[in-house]
Structure formats: structure tokens, C-alpha cells
Ligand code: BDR
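Only one chain is included here, represented as C-alpha cells and corresponding to the form predicted alone.
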Amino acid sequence: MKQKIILDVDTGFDDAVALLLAGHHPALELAAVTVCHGNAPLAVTVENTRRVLAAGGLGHVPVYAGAERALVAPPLKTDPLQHHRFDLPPAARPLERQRAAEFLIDYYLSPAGPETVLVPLAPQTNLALALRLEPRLAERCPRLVTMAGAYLEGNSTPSAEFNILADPEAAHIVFTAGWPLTMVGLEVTAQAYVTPADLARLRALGTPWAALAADIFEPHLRWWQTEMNWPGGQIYDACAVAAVVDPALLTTKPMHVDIELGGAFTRGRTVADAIGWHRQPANVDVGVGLDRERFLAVLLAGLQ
């Protein structure tokens, strides 16, 4: 039986690959996609999401637009390259009229709710709005698997990972809601890099969605090589989807995690009691290791 899944995205290159993986992996059923601000303004992330789904043979999947900005904070400055719309044909299926938070409430209060894993790959504003409107959402969702956070070092700042820093107040609401939560943070996404040889294997699959994933990811792989001197590129969001398919590829450790809402240098930090010194109850299963070969196996199986 396929695992039902909903993605919450702010579609840039890694969200695009995650969408294609979630929509085509034989172990998953992509029930819907909700969209948030983040990598780019909402109008861009919505359009990119719809175009990727249509071009990737997933035009039947409903898309719900969500929050245009964070609950409190001003928008983060992002790279202008992230603000362009993908050069793909426009989607034929119209955007759903219901907003993302309303949809999430209705869906998770329905009989399908307890069967569907929620995978946030963006700032967590949509989820926080839904939780404030309907706290039972946390009781009805069987698990949240989120690409967010870092217990060692961030990427937007030395303390903070982008998805958390883009709306720390929302992340605080989500991380303290009491639902089963797996954090796929920067420590493990760094272990799931994709090399040129891996990209060649992806193209060799011969499917339109594998070719689309490779085309979208290739410029970012080159950036990682030239700017960071890495052997390959991080494909952040696909890691969370892969962890739903094969939980054993991710090594986790229960930790107590708080979200830093103040601090001149630490706002947005996922403050994790990594060694349990402070003996606070664990609220997050934090990813601490990832099997790269198993990750690549999931990626290839999903796009073949």
C-alpha cells in the first residue's frame, strides 16, 4: 500500500526534485501540494510548483497557495536567481481556490488525515497558521518529516538554517505542537550530495521526469563545485522525501529542540540538547546521519 504524502514547498531547484520524487516513487502517493513564501515571493513559488508538476507528468496533483510572508518577520533577502520562473510550459490545471492552511485543516480532519505524512520543505508559516486555527491538526497528522534546521551550524547565518530563519515564530509553533516530528537538517543533507556521475545515472533512466530533475539540478551542482569546491551538490528537500520512503536511510536521535526567537546572532537557531545534558523531554527526532547510497537508490527508483 502506498504511503500518502503532502508536500509544503517554496519551489526552487531542490523542491522541484522533491516534487518529482514524491510524485513518481512507487511507494508514495502525492495527495496534494501546499505552497509558501521562501526561496522567492509566493507568486513565483506557486507558478514554479505548478509548472514542475505539469512538466513532470503530475498535472493531476492539486496545488494550494498559502502564506505570502512570515508571521512576524520581514522577508529574508534571497538570491535574485531564485526569483525567476522555471522555463517550463504553464500548467493547465488551475490553482485550487482554498488557501493552504484551510486545506490542511480540512484534509487532516478527514478520514485520510491519519494516513498521510506531512513533509514541510519551506518556511513553516502555512503549518503554523493551520495549527493556530485548529490545534487538532497535530493529533491527526501521523508524522511530520521536515527539511529544516541544523543542530551544529546554519547556512543563512552561522546559527540558522534558511527555512527556520525565514519564519522562526512559525517554526516555534510547529516544533512545540506535540506531534511526531523528524528533522532532516543540514548535517544530513550535506551527506546526500549528488555528483556529476550520479546525475549521469539519473539521465540514463530515460524518463521525462528524470531528465527534468537533472536539467533543473545541474546548474546548482556546478555552483557547489565552483563556489564551494564540493564533489557534488546538496539536494536538501529530496532528503526528507527519501526518508519517508526508506526511514532506515536516516539515523536519528531524540532531542529537545527549541527555536531561538531573539538574539543578534542566533535568531532562527534550532537549539538542540544534542547530548541530553539538560534532561528535557525530547520533542524531535533529529537526523544525525544519512546513508548516501540508500538515498541515491531511493532517488533513482523514484525517477525511473
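Residues carry their position along the shown sequence, with the first being 1. Computed from a prediction, not measured in an experiment: that's the story for all the values here.
As for the form predicted in complex with this ligand, it is not shown, yet the points below apply to it.
Picking from 193 to 201, 156 to 164, 171 to 179, 137 to 145 the stretch near this ligand in the predicted complex, with a 4.5 Å limit on heavy atoms, gives 156 to 164. Put simply, Y64 is far from this ligand in the predicted complex: not one heavy atom of it is within 4.5 Å. Contact annotation: T270 falls outside 4.5 Å of this ligand in the predicted complex, judged by heavy atom distances. In the predicted complex, this ligand lies within 4.5 Å of some heavy atom of L186.
Contact annotation: N48 falls outside 4.5 Å of this ligand in the predicted complex, judged by heavy atom distances. Taking a 4.5 Å heavy atom cutoff to this ligand in the predicted complex, the contacting residues in 235 to 259 are Y236, D237.
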